Ligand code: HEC
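Shown below, as structure tokens, is a lone chain in the form predicted alone; questions about how it binds or moves come after it.
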Amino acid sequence: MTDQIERDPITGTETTGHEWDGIKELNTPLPKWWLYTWLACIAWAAVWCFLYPSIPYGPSYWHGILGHTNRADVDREVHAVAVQRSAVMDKIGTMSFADIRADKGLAEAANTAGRITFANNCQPCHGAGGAGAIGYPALATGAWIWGGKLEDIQQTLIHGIRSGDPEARDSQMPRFGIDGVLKPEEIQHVADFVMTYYGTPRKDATPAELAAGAEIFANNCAACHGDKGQGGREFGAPRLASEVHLGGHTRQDVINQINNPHMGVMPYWNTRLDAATIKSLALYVHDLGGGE
């Protein structure tokens, strides 16, 4: 009987009978070890899908006979951390700032809580590390508008500024230009004078113009900002004799603020953060700006 099996003349391996463009397919079986490994993986996957959540169907999914979920693991871990954290935060909430700082462990916990809270809630406005931005106070410079003591910072955090809270800090700068309190020329003069506090006076400003600006400042601005531009914390009036300026650094910024001041709003946090977290945040912010 003639052998009907076709073999490759070079390797002597059987062919499958398939041929493409003169190339014949060899009938080379998979290695046994590879085949068994592949079958074992399929079996293992089937068992795994049976034991654990796997196949979705309709509005739900197969939960597995073990009822295990990663979400449950995470929930347990989060709960454990929360229990551990709550014990520490409860202490922070009832202790004074001085006592917290005297306890190294509590001080580190408060700093960590404050740093995380700042990043999640305050950084979008006040910038990373409290660098600030135009219209948003720089907290890392020591240029405190309402006071830099821990109690001052805590008060601002709890009730906010122009926030609508009954105990919010509040201040209002007159619209000297829009309301016609000062003429455009007078605004120019007082802006030139303020720029001397900024340390960048207009080079071609005449002594007469600066004298006129000084008089206007004394009559309209010194009551809040101080006779030497030192600021007035009881009014929330920023210090002008500084390198840190809330409303901008240029002469035009000063003119704009005198003409139609921008009055920012800081939210109150007493309904969003607990007392211990606010206290931790106050400690963190205090350290950012070399608080008083």
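The first residue of the sequence shown is number 1, and the count goes up from there. The structure displayed is predicted, hence computed values, not measured ones.
Heads up, the form predicted in complex with heme C (HEC) isn't pictured, but that's what we're talking about next.
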Can you work out whether residue 64 and heme C (HEC) are in contact in the predicted bound form, taking contact to mean some heavy atom pair no more than 4.5 Å apart? no
Does at least one non-hydrogen atom of residue 247 fall within 4.5 angstroms of heme C (HEC) in the predicted bound form?
yes
| Given that the partner is absent here, does residue 147 sit within 4.5 Å of heme C (HEC) in the predicted bound form, heavy atoms only? | yes
My question is simply whether residue 135 lines the interface with heme C (HEC) in the predicted bound form - judged by any non-hydrogen atom within 4.5 Å. yes
Among 88, 140, 161, 95, just one has a heavy atom within 4.5 Å of heme C (HEC) in the predicted bound form, namely 161
Answer key, heme C (HEC) contact in the predicted bound form at 4.5 Å (heavy atoms) among 112, 200, 206, 172: the residue is 172
Non-hydrogen atom within 4.5 Å of heme C (HEC) in the predicted bound form for each of 74, 100 and 283 | no
Note: heme C (HEC) not shown here; in the predicted bound form, the stretch from 31 to 39, 64 to 72, 48 to 56, 223 to 231 having heavy atoms within 4.5 Å of it is 223 to 231
Those residues of 117 to 137 with a non-hydrogen atom no more than 4.5 Å from heme C (HEC) in the predicted bound form are 118, 121, 122, 125, 126, 135, 136, 137
